[in-house]
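Subsequent text provides structure tokens for two forms of one protein chain, presented individually as structure 1 and structure 2.
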Structure 1
Amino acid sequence: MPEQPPETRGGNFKEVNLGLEAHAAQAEAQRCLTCASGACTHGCPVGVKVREFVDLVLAGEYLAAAKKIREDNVLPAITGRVCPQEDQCEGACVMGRKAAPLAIGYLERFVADWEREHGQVGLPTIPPPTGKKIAIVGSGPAALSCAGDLVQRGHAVTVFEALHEIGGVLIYGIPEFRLPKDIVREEVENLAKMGVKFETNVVVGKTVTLDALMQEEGYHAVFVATGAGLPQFMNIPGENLNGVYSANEFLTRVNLLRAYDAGFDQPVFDCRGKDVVVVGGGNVAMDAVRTALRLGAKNARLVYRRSEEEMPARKEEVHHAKDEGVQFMMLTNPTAFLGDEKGWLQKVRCVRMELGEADASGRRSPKPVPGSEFEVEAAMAIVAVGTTANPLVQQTTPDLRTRKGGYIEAEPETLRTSKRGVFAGGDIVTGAATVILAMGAGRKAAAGIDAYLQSGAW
């Protein structure tokens, strides 16, 4: 995949991957062995018919290929960019045993971009109204895919979002250089054209309760897709010093509120020429550290307590981060943030780690090496060590059963919760996961809701 060269992209927020040209897509498609096993399709959480869409790419029928993907995946321009393909479709591809697996993600993206650029996204025809109203809480990938399926069945759908923009993590979390916001906005506009209503600035549980939506505003069913957006800190000394951020705050300021653009008012820590330390090893940490680099950090360091192999981030992001000059400090864990007398961060105290015995999950758990403490200069530190369930809906809906950590309980097939008429899915049920899994959950919920509205039985 052609990329912006690392020297230039480190200074801008434009997309890193430039996309395949048609001839390159053709050449890649030719490599596919068109296996009967369908290993790739089984590797995809929503079962995209890879072999069939790749065949259509080979035939030059890009719009038909897009339509084929859309049978199972309603946001291909997004998943083609952000799926952890190496663990899913490409990880399962049989060619991967001997050579590079087929670049399914790149092809998916190529087809979806072709469709967008040729202005021919085929919007489905909407059947006559069923008279049923559904409220969707949250507007991330789970919510958007559920909304799309429900309007196509003739139901009236309103999406309620707490923030001022629609898209969930796709807007406030994943940065522009990985997922251009125009793509997300286009998907939202398509849904609006299909009749989905969007209400921003509504915090369900505060602005209106779930019960009020059902009892006073006449919604027949609700889908809760509020995500796992609460930041976890490490509870080590100095975490409240000026310059220490949660990844959520940092990324929200930069992505949702465009702090990187001088024309916008929202401030963010000025890290030009400074040392920045990011703690964590997932996609969130990778996005934060690459964002800090683009904001002008002199040294952008990633501190992770396990080794590179264990990092949950997408392989491509790790590779991009390294090319751009991010310094990886593996097997290292912070133990304290140290500040000056005015309360500004100056250093991060870290300890070296070693991997011990494999634990129940099969992962080798890291242990601190005694006496190995050292200090790293840092004017800014970003903590990206995980998130937990958004609690506001649960707090004001006592009959909605939750499990440990406050995640909502839902039946795996129908996504029904303990409360009649209420469904839940995405990160708020599974804990922080992936875009494609959230999208799959949204589609499952739509089927579950439709079945419930038709039968009336719970």
Structure 2
Amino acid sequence: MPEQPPETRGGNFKEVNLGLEAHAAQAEAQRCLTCASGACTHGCPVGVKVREFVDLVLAGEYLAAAKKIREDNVLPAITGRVCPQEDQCEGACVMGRKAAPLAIGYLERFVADWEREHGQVGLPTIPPPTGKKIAIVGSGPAALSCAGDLVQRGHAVTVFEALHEIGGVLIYGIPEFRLPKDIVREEVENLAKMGVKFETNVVVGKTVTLDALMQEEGYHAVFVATGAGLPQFMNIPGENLNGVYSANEFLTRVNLLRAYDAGFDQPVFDCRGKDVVVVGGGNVAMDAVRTALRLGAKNARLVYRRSEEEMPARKEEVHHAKDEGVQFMMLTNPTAFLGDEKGWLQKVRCVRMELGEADASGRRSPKPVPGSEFEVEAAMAIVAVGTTANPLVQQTTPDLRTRKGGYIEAEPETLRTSKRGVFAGGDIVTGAATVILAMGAGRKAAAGIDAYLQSGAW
């Protein structure tokens, strides 16, 4: 994959990966073994027909390839950029047993970019209306995937978003240099062309309830896909100091309020020429530390309590971060944020860690090394240690059963909840996961909703 040189991309928010040219896509498509197992499709949470779309790429039928992908995945330009293919379709690729697996994600991105650059969109055929109305709460990947499947079944779909722009985590959570916002907007527009309606600035749970949507506005079913956007902190001293952010707030301010754009008032702490510490080892932490670097941080440090081997972040993102100059402090954990008399962050107190026995996740549990505490200069700290369920819908829907952490309970196969006509999926059910897993939940919910609307059985 061609990419911006590290020495230049660390100072801008332009996309790092530049995309394949047609000749490179053709050469890659030729590597497909066209095996009969279909392991790649089985490894995809939304079931993209990989071999069929790769065959169309090989034939030079790029628009048809895009249409084939959209039968199962309505956001190919997005998943081609941010999906962890190495753990899914590419991880299942038979060729990967003896060589590099087929670059399915790069080919998916190529097809989606080709149709956009040529002003054509391979949209699927929409059947006649069924007369059924579905409300979708939230506009992240689970919501958009569900909406795309439901309109392809002839249902009328309206997506309700609390913020002023559609896209959920795709808009406010993933940085511009990994996923340009114009890409998200164009994919949303494609859904609108398919018939999906969108309403912004509607806070379901506050401005309207689920009961009102169903009883007063006549929706036959509701899919709740509000995500897990409530940030977690570490419960250590100093978290209320000025300059300490959750990754959720930091990335939302940068992405949605365009702090990276010189034409806008910067709605985050000015970290130019200052030291920034990001706590965590996942993709969100990687996004935050690389964003801080681009905002002008003198030193952008990633503090993670395990070793690099245990980091859940994508290997490509780790590689890019290192190339750009991010400093990795492994086997290190903050114990306190230290500030001045005016309440501004000055330093982060840390302790060295060592790995013990494996925990429930299969990773070795870190434990502090006695007497190893030290301090790191920091004018800004970003905590990226996880999120929990958004609570608004649950708080105003007492008959919606939840489990520990406020996550909504849903049947695994149909995604039905305890409330008749209400389905839920994505991070609000499973906890924070990947874009493509949320999209898989959206597809499963669409199938469950369609079956319910046809049979009426609950």
Partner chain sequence: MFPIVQAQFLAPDVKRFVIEAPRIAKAYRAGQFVILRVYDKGERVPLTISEADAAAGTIAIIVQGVGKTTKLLNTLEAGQSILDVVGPLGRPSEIKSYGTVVVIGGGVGTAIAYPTAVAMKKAGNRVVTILGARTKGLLILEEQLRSTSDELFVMTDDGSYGEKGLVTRKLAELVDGGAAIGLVLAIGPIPMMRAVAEATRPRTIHTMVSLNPIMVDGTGMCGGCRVMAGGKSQFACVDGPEFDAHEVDFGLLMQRNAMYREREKQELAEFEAQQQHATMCAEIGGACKVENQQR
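Please read all numbers here as calculations on a predicted model, not as lab measurements. Each form is matched to the other, and the largest set of C-alpha atoms that superpose within 1.5 Å is called the rigid core. By convention here, residues take numbers in order along the sequence of structure 1, the first being 1.
*Asks:* Of these two forms of the chain, identify the one that is the form predicted on its own.
*Replies:* Number 2 is right.
*Asks:* Cα of residue 305 displaced 2 Å or more between structures 1 and 2, core superposed?
*Replies:* Shift of 2 Å or more: no.
*Asks:* Determine whether the C-alpha of residue 153 shifts by 2 Å or more between structures 1 and 2 once the rigid core is superposed.
*Replies:* True for residue 153: a C-alpha shift of 2 Å or more.
*Asks:* Any chance the CA of residue 237 moves 2 angstroms or more between structures 1 and 2, core superposed?
*Replies:* Not so; residue 237 is displaced by less than 2 Å.
*Asks:* By how many angstrom is the CA atom of residue 130 displaced between structures 1 and 2 after fitting on the core?
*Replies:* Reported C-alpha shift between structures 1 and 2: 2.7 Å at residue 130.
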